[in-house]
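As structure tokens, one chain now follows by itself in the form predicted alone.
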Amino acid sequence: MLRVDALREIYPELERHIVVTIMGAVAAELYALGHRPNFFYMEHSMGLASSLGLGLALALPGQQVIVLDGDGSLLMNLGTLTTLARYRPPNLLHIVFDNSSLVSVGGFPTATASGTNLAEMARAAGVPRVLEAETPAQFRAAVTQALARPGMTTLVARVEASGPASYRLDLDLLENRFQFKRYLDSLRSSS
């Protein structure tokens, strides 16, 4: 499955939730579908989207947080799996797009290209619910399941090693930060 097809499957659902993405292809493909003020693109910080998502989920327990991660980023911060499992916020969905490649920085293979299984690693770390998907329909069903039942979830989605034609976001990084903060402030003032 193409990552952009998976994102397209859940895009309407993302409007109601806090969304944090990693840098590179995931951010560019989500942005191309249409930017929203509740999207935060973690540009220039590979491996940290899950950490930011965890902090947001713990700080805003009444809000669903969705992290859009990648295999390369997760492999750079594997300790996040044990931290997610330790705190297990019921409002966090951690989606990992596994393309077995660092496609955003040249296409070098990641450890998943030679057998590392991120879903099994999440299970071994103690993540309470781990789902897997290989088709857009499976992906949509897994996201729907995760959002319907509270519980910390990691979803590993196998995707092709392809990226967008351009990785450029037509959004200044500071403006994204300010928009996102205003969005979070609006959540606090409405509750």
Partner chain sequence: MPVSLEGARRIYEALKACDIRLVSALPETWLVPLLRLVEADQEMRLVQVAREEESIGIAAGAYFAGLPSIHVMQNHGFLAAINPLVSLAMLYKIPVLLLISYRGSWGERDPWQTQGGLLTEPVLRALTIPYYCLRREDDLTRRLKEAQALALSALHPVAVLLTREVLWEDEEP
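Since we're looking at a predicted model, the values are computed, not measured. Residue numbers count along the first chain shown, from 1.
Although it is not shown, the form predicted in complex with the partner chain is what the next lines describe.
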Candidate stretches 39-47, 158-166, 130-138, 144-152 - the one whose heavy atoms come within 4.5 Å of the partner chain in the model of the complex: 39-47
R16, heavy atom within 4.5 angstroms of the partner chain in the model of the complex: no
Q64, heavy atom within 4.5 angstroms of the partner chain in the model of the complex: no
Distance check, F108 to the partner chain in the model of the complex, heavy atom within 4.5 Å: no
Residue contact check: L58 to the partner chain in the model of the complex, 4.5 Å heavy atom: yes
Residues in 86-105 close to the partner chain in the model of the complex, defined by a heavy atom within 4.5 Å, in order: R86, Y87
